[in-house]
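Below you'll find only one chain, the form predicted on its own, shown as structure tokens.
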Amino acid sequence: MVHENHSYDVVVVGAGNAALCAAIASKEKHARVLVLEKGPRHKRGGNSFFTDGAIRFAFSGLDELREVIPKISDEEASKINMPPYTEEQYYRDLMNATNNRSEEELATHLVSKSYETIKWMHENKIDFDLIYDNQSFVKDGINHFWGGLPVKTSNRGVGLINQLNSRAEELGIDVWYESPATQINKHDNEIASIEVNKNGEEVTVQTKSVVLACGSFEANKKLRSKNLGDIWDNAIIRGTEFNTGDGLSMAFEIGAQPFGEWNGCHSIGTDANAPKTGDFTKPGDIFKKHSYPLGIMINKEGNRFVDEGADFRNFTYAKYGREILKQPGHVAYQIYDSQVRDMLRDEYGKAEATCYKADTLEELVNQLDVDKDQFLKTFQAYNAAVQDGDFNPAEKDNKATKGITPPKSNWALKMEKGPFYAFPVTCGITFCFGGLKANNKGEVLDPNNQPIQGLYAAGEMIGGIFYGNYPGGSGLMSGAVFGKTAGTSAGRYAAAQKQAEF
């Protein structure tokens, strides 16, 4: 039987990476913590569940990585070339990706707290692995890592969510499933309680602190069209269907300030036949298609439309989804030849991947819904434009094209060795960049930039960090950093409020 009233020191809305990090951090401050999950137990974990687990943080070298991945043996370490990834590099990569629009206070907090947060996660029994398959290349028996993103959570996002939930259960954190929050109540300008629809019954939870960590609004078609534009009706929702902007609405109702790029989002190229929303029975990021720097992308009119080799995929994939969305039919084809087929990421070989294959380009194009004459002309022009040079996928090799638009700035190989492969892709939206204005304590701010007492935010709900693009792996890291920060702040605030009552 459901009781009408409950009491907790901290209530966390959401149950993904950011939310569970917040819950654990609050518990470390001796708070009594409740986590509210809108979905059923078998669909828990938010967008984090669907990630590859790649997580970007600053580190000084392999020795620091071995502190959080102690299973790396001396023998394994001797076969690794691991360049350091400094805070300065991370900050620069973030600012370059966002055209220097990332809010300085938030960007600095994300970068400077990244490694200590990874260590904290490790202490809380989260396991990590090196990303050999997608972030390194073997040369002379040595694994050379590149791009500042060598680490992922073990067993991808699924493993992260399972381990976070195991830790939360171990610490005695309560989780209510199928229990969306519906309203936050204030008294004397402080958080007083939160209304919850618990399994269909309206319940009031008394609380001193609320941490909002329930994602953005990408799964809400109405809000997506309003903020991003009607064309986004055609985008696939890559993650959870439960991210419909509820937390944002509740925050605005009690005076929170919107912030960030409300007409921007993280979007990628994903299989054209991927599910319309994330499929919890096929976890992990199995539908994405991120090896385009090794080939070319052609639309239905038979034309290229982006510089596939502008940068490492870590710094372009989150913005190229929208470029695919702009193409006729919202579809493009990634084309590769046999020279690079074995270099493509794992997802290209999965049963779920849509693939066309032929021994010649002429045979391939006959299988595709494209302007066949223009397709072949584009290929001919591309191959003729490829310049000499050494092909090296482990670095920006400057092996480029000359005289065509758009250019291909790196990794330009003539595509002339069959068989040839075509993978149809469309746009998949991950999360929206607009959110709440918060500070580096995770406090949600009102229009006067003053904290709303007892209200905190984390993860995708914080606006102002990402604009237009982001460095790969920064989403999980931001969720963990600001989750830990908000949870710690909420736990301290609740403790102070209880102390003041005595």
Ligand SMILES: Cc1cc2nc3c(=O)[nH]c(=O)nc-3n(C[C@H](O)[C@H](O)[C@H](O)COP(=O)(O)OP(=O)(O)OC[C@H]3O[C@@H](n4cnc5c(N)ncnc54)[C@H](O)[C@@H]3O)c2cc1C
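Note that residue numbering begins at 1 and tracks the sequence as displayed. Keep in mind that this is a model prediction, so the values were computed, not measured.
Absent from the display: the form predicted together with the ligand. The rest refers to it.
Cys427 falls outside the set of residues with a heavy atom inside 4.5 Å of the ligand in the predicted bound form. Although the partner is absent here, Cys214 sits close enough that one of its heavy atoms falls within 4.5 Å of the ligand in the predicted bound form. The closest heavy atom approach of Val175 to the ligand in the predicted bound form falls outside 4.5 Å. At a distance threshold of 4.5 angstroms between non-hydrogen atoms, Gly475 is in contact with the ligand in the predicted bound form. If you check the ligand in the predicted bound form, you find no heavy atom from any of Leu34, Asn124 and Asp129 within 4.5 Å.
Checking Pro180, Gly148, Pro393, Gly159 against the ligand in the predicted bound form, a heavy atom within 4.5 Å turns up for just one residue: Pro180. With the partner omitted here, the residue from Ser267, Thr207, Gln334, Asn243 that has a non-hydrogen atom within 4.5 angstroms of the ligand in the predicted bound form is Asn243.
Note that among 434-442, 58-66, 34-42, 447-455, the stretch whose heavy atoms approach the ligand to within 4.5 Å in the predicted bound form is 34-42. Residues Gly39, Gly45, Gly46, Asn47, Ser48, Phe50, Thr51, Asp52, Gly53, Ala54 are the ones in 39-57 with at least one heavy atom within 4.5 Å of the ligand in the predicted bound form, listed in sequence order.
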